[in-house]
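Before any questions on binding or motion, here is one chain by itself as structure tokens, the form predicted alone.
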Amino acid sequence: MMESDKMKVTPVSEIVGAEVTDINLSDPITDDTKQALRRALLDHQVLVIRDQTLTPEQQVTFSAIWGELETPSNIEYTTEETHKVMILSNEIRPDGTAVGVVDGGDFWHSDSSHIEVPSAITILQAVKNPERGGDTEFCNMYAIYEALSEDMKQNIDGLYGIHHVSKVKNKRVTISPDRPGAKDFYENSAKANPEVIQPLVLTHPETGCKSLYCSPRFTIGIQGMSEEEADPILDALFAHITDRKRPFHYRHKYRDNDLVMWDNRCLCHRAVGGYGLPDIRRMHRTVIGGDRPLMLINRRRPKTRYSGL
């Protein structure tokens, strides 16, 4: 346990995550507290900050101390107060339109890996929790990389995953029937958005540690490889993420007024689901943009054949 000012940080699991108490994020954040929070985030990757009731504007103010905020691509699902706060919710208006993104985070992913400069930090304020379900699972990608065989590490180091936002380009995911207009949205995004490459092994810009950087949601191939060559590698890597029996995961069960922030550069996460109307889950999300990945450094020509797991 550590303490800065009155703030307390206590690990919630051996693999990832810490609970933060005795802090009010609506108050001005001192430099000492900011540094303590940053150190805790780098050490634990997920921070569960209890008892916060931030308005959208206050959430933006707190989020902005970590860097420049991303503006969501689908502005129609942001709050009235600010377009920097996205609404994640299963609420449906009487006219059949969605209040927020209904299917947000429904498959394992790292936020914004499908854009050229992915996000660094995501902040999620629990506005309304359902009576059951609604958990978020996290997967420690540092730990997964360390658990890979030396042959696998050597094989993927220097390779680049192909990422795309559209679900219609990804055979490993499905489109939720609960999101109005989802099929049209993903078909349009398949045409409008280019594929982006990201390193399969990412060196964290602050800790210097290596982590696996791919996900079943956004990684659809490997640059320079055919589907037949890439699939065995991706399937083997994704198995570490999706198999919750392996010792890499933490499942967070929200309390009222939890604010959860996490480091996308070394984590994957997913929304577990398990709830449905008339039960409501509503979250307010802000995302802090990251640094350009070290994707052009030490690039090597991809292998044309996979040598084994």
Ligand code: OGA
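A quick note: this is a predicted structure, and the numbers were derived from the prediction, not measured. The numbering used is simple: start at 1 and walk along the sequence shown.
Keep in mind that the form predicted together with the named molecule is not shown, yet the notes after this line are about it.
Q: Please name which of the stretches 59-67, 268-276, 42-50, 243-251 has residues with heavy atoms lying within 4.5 Å of the named molecule in the predicted bound form.
A: Going through the listed ranges, the match is 268-276.
Q: Consider C139 of the chain shown here, and say whether it contacts the named molecule in the predicted bound form, taking contact as heavy atoms within 4.5 Å.
A: Outside the cut-off, so no.
Q: Indicate whether H114 is a 4.5 Å heavy atom neighbour of the named molecule in the predicted bound form.
A: The answer is no: H114 has no heavy atom within 4.5 Å of the named molecule.
Q: In the predicted bound form, is there a heavy atom of the named molecule that lies within 4.5 Å of any heavy atom of D151, even though the partner is absent here?
A: Flag for D151 set to no.
Q: Is L88 a contact residue for the named molecule in the predicted bound form, using a 4.5 Å heavy atom cut-off?
A: Yes, L88 lies within 4.5 Å of the named molecule in the predicted bound form.
Q: To verify the annotation, which of these, L202, L124, A120, I222, has a non-hydrogen atom within 4.5 Å of the named molecule in the predicted bound form?
A: Contact with the named molecule in the predicted bound form is made by L124 alone.
Q: Out of E195, E76, D231, D135, which one falls within 4.5 Å of the named molecule in the predicted bound form, going by heavy atoms?
A: Result of the distance check: D135.
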